[in-house]
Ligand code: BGC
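Single chain ahead, written as structure tokens, the form predicted on its own.
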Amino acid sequence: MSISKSFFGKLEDGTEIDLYTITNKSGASVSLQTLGGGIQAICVPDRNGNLADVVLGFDAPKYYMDGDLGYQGLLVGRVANRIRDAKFSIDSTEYHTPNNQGTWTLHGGGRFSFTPWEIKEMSDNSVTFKKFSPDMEDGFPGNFTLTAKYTFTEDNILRLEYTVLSDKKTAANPTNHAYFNLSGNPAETVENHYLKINADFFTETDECQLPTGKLGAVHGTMMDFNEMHKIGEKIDEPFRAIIDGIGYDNNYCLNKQPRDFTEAAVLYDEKSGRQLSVYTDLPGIQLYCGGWLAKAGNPGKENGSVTFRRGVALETQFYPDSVNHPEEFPFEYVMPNKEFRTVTEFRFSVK
């Protein structure tokens, strides 16, 4: 294993963004940037041993700063996904968070994704990023520190360990927003990728895709991925939890005890033979297929533009808006001066 550091680019204010690339003995690699503690590239082999980059993104940091381009590969905090009406309560105290989309908060307001992170430590196969957020920044209580340790192994497993520490009771729901396209082919969307999600239920949502607090059964609907099938097979079918023309952007309630570490989803590209298995100890996973991305005109890397349905995000998480449904949804508060931890693994293989 080896790790190298390179200059990735500058932000408009002159801040330099670095890139750290972990490479294993087979030549597979993961590139991580200090902006948003994000994944910039993952290069893994196909069934013939040919390496290709399997995540969407950009060749310059400035594009990652644009929220309309989808938080490509970036870490998300303090609380991922949506918070209804941009507010929530803890122990009868109401907190107001950024209203950065519609009438709600999306991805904690975006601060964690669109700012540089510190490097806390490194080894020959890992990089640990650190982000501090002072009490009441963006309306969230607690002097709050989030660390994210990426470890890449010889057998092409990318392990992501999150640790949170706060001096006040608060909420945390960190995730990574990578978009995967296992083909490595700029001409391919993810509609021909096969997907399996180990979930019998999803969180019901309203017309704005905000959770209602109820769960819906996937069986017999276009939401059902218990048996592996192509993403595009049913993506445009009318369904109450789907916005017409957008497709999947939904939280699945995983078939497991909330903190058991198990397989959540499997993504497979038949042409290349590449397969991704996602493991997590969190109770939910958001399936998003880039339906809100523009169909043309966006920038991108050599492996293709960041456009409509070119990548699929599999965001491990507590259910969206759990801060407003702590009794209906499986959820944990971060308690004062007690570490909160969660782990996700992206396991790459071929078949």
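The first residue of the sequence shown is number 1, and the count goes up from there. Because the structure is a prediction, the values reported are computed rather than measured.
One more form of this protein, predicted together with beta-D-glucopyranose (BGC), exists but is not displayed; see below.
Not one of 161, 178 and 344 comes within 4.5 Å of beta-D-glucopyranose (BGC) in the model of the complex, counting any heavy atom. Judged by heavy atoms within 4.5 Å of beta-D-glucopyranose (BGC) in the model of the complex, the contact stretch among the candidates 36 to 44, 57 to 65, 304 to 312, 285 to 293 is 285 to 293.
Between the options 203, 81, 113, 280, the residue in contact with beta-D-glucopyranose (BGC) in the model of the complex by a heavy atom within 4.5 angstroms is 81. Screening 224, 137, 249, 167 for any heavy atom within 4.5 Å of beta-D-glucopyranose (BGC) in the model of the complex leaves a single hit, 249. A residue is said to contact a partner when one of its heavy atoms sits within 4.5 Å of a partner heavy atom; residue 71 meets this definition for beta-D-glucopyranose (BGC) in the model of the complex. Interface residue remark: residue 106 is counted as part of the site for beta-D-glucopyranose (BGC) in the model of the complex, having a heavy atom within 4.5 Å.
Although the partner is absent here, residue 133 is not a contact residue: none of its heavy atoms lies within 4.5 angstroms of beta-D-glucopyranose (BGC) in the model of the complex.
In the model of the complex, beta-D-glucopyranose (BGC) stays beyond 4.5 Å of every heavy atom belonging to residue 272.
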